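Below you will find one chain, with nothing else, as structure tokens; this is the form predicted on its own, and questions on how it binds or moves follow later.
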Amino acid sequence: MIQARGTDGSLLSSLPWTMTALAVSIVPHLPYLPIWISIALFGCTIWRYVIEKRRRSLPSVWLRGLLALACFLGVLVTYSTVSGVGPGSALLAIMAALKLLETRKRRDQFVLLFISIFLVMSALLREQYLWSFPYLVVSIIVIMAAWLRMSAAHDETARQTFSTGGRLLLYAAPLAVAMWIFFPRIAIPFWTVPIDTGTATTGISDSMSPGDVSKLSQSDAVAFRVKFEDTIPAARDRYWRGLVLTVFNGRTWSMNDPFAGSRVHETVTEKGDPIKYQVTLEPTHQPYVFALDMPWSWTLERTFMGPQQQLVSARPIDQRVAYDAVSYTGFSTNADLGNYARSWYQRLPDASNPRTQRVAKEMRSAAGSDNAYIEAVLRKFNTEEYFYTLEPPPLGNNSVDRFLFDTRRGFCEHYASAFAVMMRAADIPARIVLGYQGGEVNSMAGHLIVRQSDAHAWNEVWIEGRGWYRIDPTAAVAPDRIDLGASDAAFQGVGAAWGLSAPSQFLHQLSMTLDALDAKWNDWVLGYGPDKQNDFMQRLGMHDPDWQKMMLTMIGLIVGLIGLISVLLALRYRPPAKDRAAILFRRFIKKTGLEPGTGETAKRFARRAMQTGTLPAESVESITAAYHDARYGPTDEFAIARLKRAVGTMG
């Protein structure tokens, strides 16, 4: 039998609701979807509504099949895979759009609503921001309302539908909270979900060319937050160590493998008082872990210190992580570098940046010592016409030569690169450290916000008898950048000279409020892991909590909640109690020995009862009249009493 392709308009009332639910579920994915998928979603939605509105025919099976194949290949070409959150969400979204083109009945709409729920859940796999919870609640209510509209009465209003959907969600909320609190947490997820294959990520790269860090410095995104156990260090002491770059090819600095071995590994000796703090690091999809320079201990699992004192995780940071750390701002390293390590940190490519190398050798010869030479280079940056800017001119080949002698304008990576080359040209071991510097204190929450705009590059040079020593040449040119940090400097107005804009006091305060809320969300909700769950269970009186106890508690609590909700629903929807007149008339019916017919009135039943002759006709008439008065007349206790007396006299 050939299935009809035409539509009759029967879905016209419910189809817009289904389309709205689908649109709401796709909204978080739009920034990550290719533009062609967004256009296809919009086009299929309009196309399907026009078909239903004008009673047109749905696309043929062949056309839908070709469209499905083309879209599948499009996702495969765009992402080079169909697995992972990004490709999977894109494939699910485009298939939902194509499903609209074959929607004929209500059951097809049910499938679309199921897909909407999956799209909402898959958005949470990417990230669970503060706005994720209200979005989740709103989207589920919209989907539930669309579900209810498919069986709603014609006179039911949208307000009534949303009210019913919200009430059903409230019934389910206690069960969800109980499962979230008591379901045993694990430190490592069961599986790793690849996120958006092929898309760029925000964060510090493992190489540096002029202009790279300045791009990050224009981003206001949070890199990590820090909660200090004691006083927050001054901005000039807040250097957050990340990557160490040791290889220079004439333009780009890169790092060697952090697990290459111990041949260039130095021993760190702590000085002064320890600084204890907790870092909440945002996802970077990179293995690098940031800590206050110099890190001494840390709690992040499977994280190691590399050859140049950089912290590296054994797996990429694909999810927000929190870890405790201890650092010493005063430290020294092993004073014996070794011949191989020394040559490694002095290496420059042949014939690269010849003017810089020539001037460096001349300045070193005139200085007489390494320390004097270092001071001379910093004095050169400070006294000569060098400028700090986020929009430096392009450099091309021999970038250090062009920066030092021609453009004289740059950001921190320009100065760090030039300083390292000048040190190596004078046979002083040098390297570049990438990380963050400064940070903004959120007085409302008491933590430090380190943003991508705080990305920074500085140098370390080897001083005989002292070891590696931090030098920040940017401080010679733009001391406010170091004393305040990029965020505070921009807010206090000095950032205008660097191309940064300062927000108004109101917007700044609003930003701090939202950040404080976001931090609490991360701490209380997203940070609810095994340790916090165990602490909470102990506060509830559960001694030595393990997964068996928590599972049994959760099951018992859920069973109890289901029972309570069932009782509430039974009380809400219980049938109305029969009135006393109906109960008394039922006694009369039982005495007659007859069964009332469906829809039979009391008067007709009385006539049938009198025809049988089993009861006196006068009694039947009096009982029927008394029943009519008591049931349909004004509320009167005398009428009820008269009916009760008449039924009682029949024996």
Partner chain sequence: MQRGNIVEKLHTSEEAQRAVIERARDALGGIILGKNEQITLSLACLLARGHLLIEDLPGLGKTMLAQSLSRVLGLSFQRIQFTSDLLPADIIGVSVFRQNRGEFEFQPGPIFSQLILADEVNRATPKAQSALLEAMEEQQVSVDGTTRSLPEPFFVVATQNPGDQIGTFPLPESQLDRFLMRIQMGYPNEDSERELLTGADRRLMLKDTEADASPEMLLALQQSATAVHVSDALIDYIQALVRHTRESADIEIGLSPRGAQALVAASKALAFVEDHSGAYPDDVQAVFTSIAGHRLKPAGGTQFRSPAELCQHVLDSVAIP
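All of these numbers come straight from a predicted model, not from anything done at the bench. Residue numbers count along the first chain shown, from 1. If you superpose the two forms and keep the largest set of C-alpha atoms that fall within 1.5 Å, you have the rigid core.
Note that the form predicted in complex with its partner chain isn't included here; everything after this is about it.
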Next item on the list: Name the stretch, out of 601-609, 49-57, 26-34, 66-74, where some heavy atom lies within 4.5 Å of its partner chain in the predicted complex.
Entry: 601-609
Checklist line | Touches its partner chain in the predicted complex: residue 638 (any heavy atom, 4.5 Å) | finding: no
Next item on the list: Could you list the residues in 604-629 that come within 4.5 Å of its partner chain in the predicted complex, counting only heavy atoms and keeping sequence order?
Entry: 604, 628, 629
Check: For residue 627, is the CA shift between the shown form and the other one at least 2 Å following rigid-core superposition?
Finding: yes
Next item on the list: Using a superposition on the rigid core, decide whether the Cα position of residue 586 changes by 2 angstroms or more between the shown form and the other one.
Entry: yes
